[in-house]
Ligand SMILES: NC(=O)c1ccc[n+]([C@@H]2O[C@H](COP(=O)([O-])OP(=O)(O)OC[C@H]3O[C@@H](n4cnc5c(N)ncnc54)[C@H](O)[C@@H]3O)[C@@H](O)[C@H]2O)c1
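In structure tokens, the next block holds one chain alone, the form predicted alone.
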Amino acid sequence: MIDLNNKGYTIKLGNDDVLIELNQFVGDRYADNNVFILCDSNTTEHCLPKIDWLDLEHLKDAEVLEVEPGEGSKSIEIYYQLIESLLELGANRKSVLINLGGGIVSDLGGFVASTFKRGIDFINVPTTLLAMVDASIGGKNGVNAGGVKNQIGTFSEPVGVFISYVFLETLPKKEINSGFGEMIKHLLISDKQALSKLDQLHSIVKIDDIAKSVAIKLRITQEDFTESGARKALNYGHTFGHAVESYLLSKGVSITHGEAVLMGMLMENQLSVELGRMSQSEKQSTENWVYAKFDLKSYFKQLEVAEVIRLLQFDKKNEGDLVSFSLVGPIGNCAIDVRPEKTIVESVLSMFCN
């Protein structure tokens, strides 16, 4: 088992031993209070039985709250339903909510817990690679609004993050790829040797790879928790990526968050080239590697430039009429608060959508 030293809360990575540690952690802190587990229907079916199989005494009798999988559950309506469920089940200020699921469950559950009775403890138990390296770490919680991602939310950290490798066995290839999107992002923003290290990432992810990716995000979020400076580097790929994701999901296209971030990174790399920040060779090497590993071109063909531009205007990082980006260039370095002229943004988007 790997312990990552973090200011303020416990982070453990491993296999079944992590779930046993989770059970002890809950027993030590919340034995006399209500324990709640938030799942989506997929994690109820595939992940909750792993906890039942281990016969974890402090978890097996927890009240289970369930939502449907997908971005539709990250809504203010579902949030309110969960608040009402907690009230009906007698949750109090000493209760704990365990978020057992992917990024949507982590985001939603963290928001519920951080606002219920002005804040109760919550624990993230990520079950997707994406949630393990991204959503479960860093204290960002929230829901979508108006067809735009993460417009309502809080900064509030869990009391613990317990990452069990056994849950990766339940994931389809598409979800593994989604997690790789964020792992690649972490490398490109922080490591000058990222291009050579990309080839060391394999389709069968290793616990050490997860630990390295988590460590990068931890270092950045500890330095700048509320995203006033250095943490903005983690938005690389997300300005275009969130707009692309919102648009495609609104059209019923099944795209994962990580795939959208990969698309965003490719577009933002081109933007970085146009602004003289990234070399053409770095951009091309990254693009070649991504296209060789991930099937993204079919998504680009479905985009409408005008609609993606419209969605970009809702990005929380914007200032005035200009869209704000975090851009890599050269690799291993990330510039924040870059606000190109609209014509350049539209030109780059058109290169990929035509």
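Start at 1 and count along the sequence shown; that's the residue number. Values in this document were obtained by computation on a predicted structure and should not be read as measured data.
The form predicted in complex with the named molecule exists for this protein as well; it is not shown, and the discussion that follows is about that form.
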Looking at heavy atoms inside 4.5 Å, which stretch does the named molecule contact in the model of the complex, given the options 146-154, 112-120, 77-85, 274-282? 146-154
Would you mind picking the one in 163, 130, 262, 98 that has a heavy atom within 4.5 Å of the named molecule in the model of the complex? 130
Residue-level question: is residue 34 within 4.5 Å of the named molecule in the model of the complex, judged on heavy atoms? no
Can you work out whether residue 184 and the named molecule are in contact in the model of the complex, taking contact to mean some heavy atom pair no more than 4.5 Å apart? no
So in the model of the complex, is the named molecule close enough to residue 268 to count as touching (4.5 Å, heavy atoms)? no
Can any non-hydrogen atom of residue 175 be found within 4.5 angstroms of the named molecule in the model of the complex? yes
Judged by heavy atoms and a 4.5 Å cut-off, are 71, 107 and 217 together in contact with the named molecule in the model of the complex? yes
Could you list the residues in 37-64 that come within 4.5 Å of the named molecule in the model of the complex, counting only heavy atoms and keeping sequence order? 40, 42, 43, 46, 47
